[in-house]
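Next up: a single chain in structure tokens, the form predicted on its own.
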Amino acid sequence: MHAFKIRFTAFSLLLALLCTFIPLSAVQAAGSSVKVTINGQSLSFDEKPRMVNGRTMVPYRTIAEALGGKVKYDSKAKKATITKGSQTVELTLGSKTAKINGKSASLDAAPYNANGTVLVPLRFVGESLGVWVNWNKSTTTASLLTKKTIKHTLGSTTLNSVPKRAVILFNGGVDITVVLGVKPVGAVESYVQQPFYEYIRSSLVGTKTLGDETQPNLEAIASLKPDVIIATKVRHEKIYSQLNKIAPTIATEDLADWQDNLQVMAAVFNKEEKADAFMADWKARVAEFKKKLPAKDKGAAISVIRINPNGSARAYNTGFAYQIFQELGFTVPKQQAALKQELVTVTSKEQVSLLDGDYIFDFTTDWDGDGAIFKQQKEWTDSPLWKNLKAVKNKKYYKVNAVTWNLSGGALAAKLMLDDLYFYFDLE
């Protein structure tokens, strides 16, 4: 067993476990050879790690001590305890409930005894000690890292342990933390439905609000003593250096690119498995949508619009909803494409034909919550010129949820938008 001197303080409370507990006889029958490395150095075991139905089970003591922890085993209580500094983890044989600093944490698979050695899921050991765990299926190698450098659009950031006090500075990122099972200590508030959008609010109880996405409160951020800040270039490039002085800061490239943002955040929080599972489900749903879509609608021209508080209208050939429609194989209306503009602003009803398409989806937003914007919207939709649009005459104009179609921009919002599209295209 190699001795490693490792500095870290973060201690993740969330477990990424994939399989259910199975009988010891089945465990012992598994024959795959598993290798484990810590910072590139191989670790030796008296009791071999093993693959069981896709899960890597490992000797608890060997890895924990290699990571600087101290392990005690109470044979009478059948309980293993690991301590590292002020952090304590307690595991009981046969129990799917662990304790982390006295707080209960559920396991999907219970620890068990193999020839006098307590074996547990590898990822639990890694996450409980604040290290990153990467699995290489082709070589059956689990690589544990006590330090990780994330390259991003505004540079590179080195983290010394898996963060547990995260601050999230854009709405799409807040959505993604819910997907990953990461509860931030602080996050920017939503544009509407404050403090957080209703569809994710229950997962953010106790998370402090930090002002608007476009102008987060730096003092409030600093007061939370975060160990990582997740920002995005378009919103926070000008304050990046200030944020980086508060805590290591990682910036995503595109506010609307929820898939890339999901992968970046998964790498930071050691949640690649959850991100991969989400993306596998997403790709399956997209493939199913394309398969079910009738020939008449394949490649249909989609106009994504909103009515603005100043009375103008806007068509979007960029952004969150646009990217999803592109992935689904839809097109931009020819009259919009000819302008070669990401945002097509229409200031008079005489130009309303610019908003037409085979389908029109309208995510007009009630910014002030007083309903006044919908009076503006009605002025457009009551216009004879509006009623003459192809999509309107064909009853293919739909008012949609502004939060999940535009304002949020996260992975869960994408899933909800796709669910809506199954409905609007009669594919359920």
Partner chain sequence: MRLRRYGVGALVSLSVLLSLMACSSSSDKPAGQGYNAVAAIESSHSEESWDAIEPIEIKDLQTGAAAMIQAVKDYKQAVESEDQESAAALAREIVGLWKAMEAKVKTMDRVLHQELTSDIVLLLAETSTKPWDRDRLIQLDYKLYQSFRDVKQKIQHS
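Only a predicted model underlies this, so the values are computations on that prediction, with no experimental measurement involved. Positions refer to the first chain, counted from 1.
Just so you know, the form predicted in complex with the partner chain exists too; it's not on screen, but the next bit is about it.
J.: Can N401 be called a contact residue for the partner chain in the predicted bound form at 4.5 Å between heavy atoms?
T.: Because a heavy atom of N401 falls inside 4.5 Å of the partner chain in the predicted bound form, the answer is yes.
J.: Any of the heavy atoms of Q323 lying within 4.5 Å of the partner chain in the predicted bound form?
T.: No, Q323 sits far enough from the partner chain in the predicted bound form that none of its heavy atoms falls within 4.5 Å.
J.: So in the predicted bound form, is the partner chain close enough to N113 to count as touching (4.5 Å, heavy atoms)?
T.: Contact check for N113: no, nothing within 4.5 Å of the partner chain in the predicted bound form.
J.: Verify the contact flag for R55: yes if a non-hydrogen atom of it lies within 4.5 Å of a non-hydrogen atom of the partner chain in the predicted bound form, no if not.
T.: It does not: once the partner chain is placed as it appears in the predicted bound form, R55 has no heavy atom within 4.5 Å of it.
J.: Tell me which stretch of 193-201, 180-188, 130-138, 162-170 has a heavy atom within 4.5 angstroms of the partner chain in the predicted bound form.
T.: Single hit among the candidates: 193-201.
J.: Counting only non-hydrogen atoms and a 4.5 Å cut-off, give the residues of 386-423 close to the partner chain in the predicted bound form.
T.: Read in sequence order, the residues that approach the partner chain (within 4.5 Å, in the predicted bound form) are K395, K396, Y398, K399, V400, N401, A402, V403, W405, L416, D419, D420, Y422, F423.
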